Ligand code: ARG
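The data below hold one chain only, encoded as structure tokens and taken in the form predicted alone.
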């Protein structure tokens, strides 16, 4: 009888522990941890700092947005080429990496309201003095670099005479420009502006073709069918736009005049 009682106590204790564990899972399901993917190669938007930690305007922004929305979260650094695939296969819940809101992308994924308006800018070598536009670069059959599968890359494809040189990272295109490996680089205005101002050699040997050649709205990306998540992210972001948090982050990271924080309306 004593043995049976001990066995019964053991079974009950295991059941209690299991029940507590289930209760914890249930609480977590009400406040799930979002997995957020970001390509940390886009200074000053998202990058790895000297301590090896994720840093930048978009890192600060997405942390503020999800915390304000009441979510736990995990940030993961993913190369650009794997962002959309991981989102579609539900490996990630959110993606933020200066992704332009495009109608064709809306067929596969959902976007938040815009958090920043930027666009495409062109840096060209100063020794190419006979060109002041992409049209003129096309006429002289210039080689122009861009990060592959970005809006800058697709923007270049409209100019048939340009030889497009692709790079996995925008920074590689900039290095190639400094070393005369290409004639110019097309990229996001914020990123081009940052590299231009931070690199003395680039400042001395390159110039902008005008200022900004396009206007693009950036949004946080999520699964197309997750309506509840979109509503919460939109509401949180709208509040942060309205109370000035996004503008403060813009100023903190010195995004410059090429990038504009949209209205909360």
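All values reported here derive from a predicted model rather than from experimental measurement. Positions refer to the first chain, counted from 1.
Although not depicted, the form predicted together with ligand ARG is the subject of the following passage.
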Practice item. Examine residue 105 and determine whether its closest non-hydrogen atom to ligand ARG in the predicted complex is within 4.5 angstroms. Key: yes
Check your understanding: How about residue 149: is it within 4.5 Å of ligand ARG in the predicted complex, going by heavy atoms?
Key -> yes
Point to revise | ligand ARG contact in the predicted complex: residue 97, any heavy atom under 4.5 Å | key: yes
Review point. Residue 57 near ligand ARG in the predicted complex, any heavy atom under 4.5 Å?
Key: no
**Study point:** Stretch in contact in the predicted complex with ligand ARG, which is absent here, among 230-238, 193-201, 59-67, 37-45 (heavy atoms within 4.5 Å)
**Key:** 37-45
Exercise for review: Counting non-hydrogen atoms within 4.5 angstroms of ligand ARG in the predicted complex, say which of 80, 155, 167, 92 makes the cut.
Suggested key: 80
Exercise for review: Residue by residue through 210-227, tell me which have a non-hydrogen atom within 4.5 angstroms of ligand ARG in the predicted complex.
Suggested key: 216, 218
